[in-house]
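Before any questions on binding or motion, here is one chain by itself as structure tokens, the form predicted alone.
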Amino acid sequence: MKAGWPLLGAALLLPPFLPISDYTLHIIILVLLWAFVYTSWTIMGRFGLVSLGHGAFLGLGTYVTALLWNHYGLTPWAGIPLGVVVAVAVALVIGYPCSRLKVVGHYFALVTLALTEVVRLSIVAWRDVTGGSLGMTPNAVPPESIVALQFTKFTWYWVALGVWALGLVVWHRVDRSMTRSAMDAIADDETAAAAVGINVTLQKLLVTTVSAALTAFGGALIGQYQMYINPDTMAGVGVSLQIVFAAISGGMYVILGPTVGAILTIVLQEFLRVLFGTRCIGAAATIYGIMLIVFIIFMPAGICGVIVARMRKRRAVAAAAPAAG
């Protein structure tokens, strides 16, 4: 696995210099940005904190940044951190009482699902400012502006690549930290974890806020790249379901699992867009839900999880063969 990282790195440096269409480069950028968001979700999800509310954090990061730019002329360089702060504050408001009252499992998922709908409906209701269900477009500053965080696709590729790498670094740091051991213990038995001295509330809030902050950051960048935001695609139940599906289908226990999930979801999304056009608006969410159930039942470790398990089994068999001989 380690030997493949240099090859992966080399492959990621090539796309902007290859004779590919702008559309292909656009898809690659979307995959990298959404892979960052999916990786952010797994920081919570892999420890049993299954959130259906990450659409709320995504939407807050996106809309706060765009609204501050459109109405107050505040550069996204300042708007994005403010959007992240708002998302973290909301995560704390939801996460603290849930942790103290031991709201876990399906009940925690329902609370976060309600949070997503509250944020989406608030955006729709505030239509005079946000554009409501029609969405809004950040004010453009042609042709390219560092202050407005508006670049060409060539520049955006490197931004997306850097952000994607940041997500992997954070995932790896959490995976190698004491937080993982503490959260694994909490996921197994909160009472037992508290009995051995683990601050359950603190650890839960830590992973929740980190996950929310990264998701809001990713949402703001996606909004800046697409130059169009909509409450249904950036803050609704559909996008929350998309995040969960991508993370689980790719494999949330493997560092590249969310990236594989991003490739699957973005390609599927584009295929459905071409296939249905403006017809069957809810088809994508329905298909995500059906496929999520299928993966949970038949492939809970995800695509990458299955691949890693098979590789380990082969290595174990190869290592045992000489000993048996």
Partner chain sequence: MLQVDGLTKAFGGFVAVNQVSFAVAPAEILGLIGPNGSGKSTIFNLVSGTLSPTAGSIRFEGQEIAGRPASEIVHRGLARTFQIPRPFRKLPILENVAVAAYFGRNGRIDRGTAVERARAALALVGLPGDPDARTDGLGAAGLKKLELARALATQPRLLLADESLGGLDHGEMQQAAEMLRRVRGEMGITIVWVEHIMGVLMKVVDRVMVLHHGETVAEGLPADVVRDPRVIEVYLGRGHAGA
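In this text, all values refer to a predicted model and were calculated from it rather than measured experimentally. Residue numbers count along the first chain shown, from 1.
What comes next is about the form predicted in complex with its partner chain, which is not displayed.
In short, of 169-177, 108-116, 85-93, 71-79 it is 169-177 that has heavy atoms within 4.5 Å of its partner chain in the predicted bound form. Listed residues Val124, Ala193, Cys98, Val159 were compared with its partner chain in the predicted bound form; Ala193 is the one with a heavy atom within 4.5 Å. Its partner chain is not shown here, and in the predicted bound form it never comes within 4.5 Å of any heavy atom of Pro143. Using a 4.5 angstroms limit between non-hydrogen atoms, Asn230 is distant from its partner chain in the predicted bound form. In the predicted bound form, at least one heavy atom of Ala182 sits within 4.5 Å of its partner chain. Although the partner is absent from this view, Ala187 contacts its partner chain in the predicted bound form, with a non-hydrogen atom inside 4.5 angstroms. Contacts between 133-156 and its partner chain, taken as any heavy atom within 4.5 Å in the predicted bound form, involve no residue at all.
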